[in-house]
Structure formats: structure tokens, C-alpha cells
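For reference, the chain that follows is the form predicted on its own, supplied as C-alpha cells.
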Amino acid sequence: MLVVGSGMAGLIAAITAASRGKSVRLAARGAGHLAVGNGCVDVLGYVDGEIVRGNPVDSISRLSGDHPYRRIGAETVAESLAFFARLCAENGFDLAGGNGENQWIPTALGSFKPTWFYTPAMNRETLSMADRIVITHMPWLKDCHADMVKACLARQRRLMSKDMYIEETAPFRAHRNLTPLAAARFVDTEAGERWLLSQLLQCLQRSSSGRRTAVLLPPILGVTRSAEIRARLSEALDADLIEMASPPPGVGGLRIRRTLLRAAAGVGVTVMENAHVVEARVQGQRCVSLVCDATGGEREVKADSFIIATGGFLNGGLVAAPGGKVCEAIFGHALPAPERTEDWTMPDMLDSQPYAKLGVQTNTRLNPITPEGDALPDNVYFAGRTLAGYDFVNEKSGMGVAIATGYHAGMNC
């Protein structure tokens, strides 16, 4: 079988199918959404603007019937999340959460967001248990603003009594405006780890008090060795280190991607790099092959079944044309959309946006269907952001839908 797309949905679909004994090839045009993700798995944070309380899987029944979660069922969603957690554990990725209820993790804006899985370095309770909080100020790092973080944290009820300090660190390179990813890759090296330790030692000496301390950092604790780096630095500093979820590029997402690629290799998935699918060849009700524009020219790839996880508008999985027309990029299926593009958005940016719910309609097996409900073709499955019926930004459900639908497609193909 062939999986198209190397984001969360595509990788989970490929690993799931290969774990069932399927021979799987994965066509990867790029790194997928994980390259810009913050490393958290949001399953369901809000329904109709209301915060989800308790286990988010229990709130799936409150969603509309065309939501991907409702299509595949709450039991399948729960199975997929357990599968993802096992993959991370078996491949050495330290994962926290996944029980009881959503946790609220700190962001680089000083706010908190609800999520289901996260790394221990993002645990909010570490902040709550500290006597003082040291916020690292890295003016040479893009999109990290210590003053804003402190102002937002100071308004949190559970943190109001904490002593908070802002301490500036020096850059590890002469020029400014580096990204957290550049810093994380440097910290992965022995020289980078020594640099960060020396900077944090200076920060703590300037605001030393002998009390329990939490140090708030951008996500710079390495990409390949983040857990061990955090453990060593925490011990050396006698302080808890906390990473904030930050804007792209996605240090946390790349950590997960690295883990899933290792898992995919372990079950025999073959990855075709730089493969852009440009055409589908269909005979009757079945797809017989996809044509990839890859290194060396076009290549026809035949398979018994196909899983399409090419993302939404930003990733090129969905294409908008003049006149309010929307289609799926590979098969060219015309998709339902409001005739007037003015109706694609709502005036209040905090409302659920109609354009976000545009996508491929499927049956419960995730085969694409006509408005009458007929599958076309029946050996093709869709997963992830290409699907219709949900607003992942408004719901905080993006990675959860990717995992659940990728798993379901991989189990059905």
C-alpha cells in the first residue's frame, strides 16, 4: 500500500498498516506539519467555545455528526491514542499526560493552552510547586518575549504569590534573531549544553534565594537528546527546567517526527523522499496507481490501497479556485463549499471559521464519498487535515484527529 504525506496522520497510518503486516511505502513531499508543531497532542480542548472538562474522548458525543471523531467513533479514538503512547514509549520518547483530563501547558506568550499529551518539560504543576520562577530573557531569540510572559503569568491565580525574575542570557553566536530550533540544535552538542549550563548558572546566581526554583525556557533543550539534557541540567542547577510551547519552527514537533520515523523504520516502512503526487489513475471504482514527481522524473507507483494525508489549504492537500470552488488536490474531487467566499469566514476571529471545516467527506471507513454517500474510489482512504467537518484551531483537536484518523485508515486499508 501507499501512504501520501509524512505529517502525523501519514506516519501513524503507515506505522499502523505496517504493524498489521502490510508492505507500506510512504511518499513524503516534505517534513509535514510536525516540522512546525510544538510537540503537544491536542485531542479536544473546546466544544462550541466551552472548555472540555474531564477526558476529552468523553466529549466526542457533543460534536456534530460530520466531525471525523464522530465518523470513526470514540472507541477508535481512544485506541489510537493508546497506540501512539505505546509507539513513543517503545521508541524512547518521554511523554506525559494522557489520563484524567487535559493539562494546561505554558506558552511563549505567557498564556496556557489545553492539551492531552505533552513532554514532562512542559508540566504546569512544576510552576505551581516552585517558590520562585526565573524567566529567561533571550532577546536574540525570535518570538520569545520575557516581559509578556511575566505579565501573563502574574495574572494566573495559582502563580500570583510566586516571586518572578527575568534574567537575560547572552547569545551563543554573534548575530541576533536566531530561532529556538537553531538554539536547540546547538544545545544538542556538548559545547551547546555547556553554554546553556553556564548561562543558567549565571541567571540563578543573580537571583539566588535557596528556595525551590523553576526556570522557564523557550523549547531549546535539544532535539535528539532533550530528556537527558534536561535531567543533567536540572541536577546541576538544582532547579526545575520548564519549556514553553512556542511558534514555528517546531522543536517539539520535530522530536515527535524523529520518534515516529524510527518507529516506521522498525516496522519496515519505506520512505520515498521529495515525492510530490501529481496524478491519480483510476479504473472503475478503484485507484490503480499514483504518479509522483520525484528526483529523476515522474514515477508511477502501483498499490492495492492508498491513504491520502496531504493536509489542508496550507499544505496543498486542498485547493481553492476563483468562484468559491474547492477541490482535493490529487483526485480533483469537487468539495462542498459556500458559493460566496465572503461566507467562508466569520467576523469574530475567535468563532469557528467555515473555511476550516471544508474538506473531503468520507464514510465511516474514511473512503471518500459522493453527496449521495457512494464511495469513490473504495480502496482510497483520507486522514488528517484533508478531512471535512472540524476546526482544529478553534477546537484544539488537530494532532488528535491526525492520530485517530491515521490509525483508523491504517487499520481499514
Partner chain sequence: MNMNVRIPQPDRCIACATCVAVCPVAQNCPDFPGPRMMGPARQRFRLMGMGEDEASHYCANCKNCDIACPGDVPVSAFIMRAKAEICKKNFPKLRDWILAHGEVLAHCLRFIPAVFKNFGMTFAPARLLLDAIGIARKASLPNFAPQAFRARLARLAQPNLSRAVVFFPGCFVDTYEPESGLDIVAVLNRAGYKVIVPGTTDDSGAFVCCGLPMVANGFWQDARDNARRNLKTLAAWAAKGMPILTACPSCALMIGKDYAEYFPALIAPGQSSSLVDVCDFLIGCVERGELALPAAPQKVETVFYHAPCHSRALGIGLPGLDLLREIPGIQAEYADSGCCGISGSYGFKKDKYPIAMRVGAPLFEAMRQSGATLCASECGTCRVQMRHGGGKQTVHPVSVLRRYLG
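Residue numbers count along the first chain shown, from 1. For clarity, every value in this text was computed on a predicted model and none was experimentally measured.
The same protein also exists as the form predicted in complex with the partner chain; that form is not shown, yet it is the one meant from here on.
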*Going by heavy atoms within 4.5 Å, which of 178-186, 329-337, 72-80, 87-95 lines up against the partner chain in the model of the complex?*
178-186
*Which residue among A191, A170, L314, V282 has a heavy atom within 4.5 angstroms of the partner chain in the model of the complex?*
L314
_Among the candidates A130, I135, C203, L254, the residue which, in the model of the complex, approaches the partner chain to within 4.5 Å (heavy atoms)_ = L254
*Judged by heavy atoms and a 4.5 Å cut-off, are H67, N363 and R365 together in contact with the partner chain in the model of the complex?*
no
*Though only this chain appears here, would A35 touch the partner chain in the model of the complex if you measure heavy atom gaps against 4.5 Å?*
yes
*Using heavy atoms and a 4.5 Å limit, would one call A294 a contact residue for the partner chain in the model of the complex?*
yes
*Would M164 show up as a contact with the partner chain in the model of the complex if we use heavy atoms at 4.5 Å?*
no
*Taking heavy atoms and a 4.5 Å cut-off, does A265 contact the partner chain in the model of the complex?*
yes
*Using a 4.5 Å cut-off on heavy atoms, which residues of 267-281 contact the partner chain in the model of the complex?*
T270, V271, M272, E273, N274, A275, H276
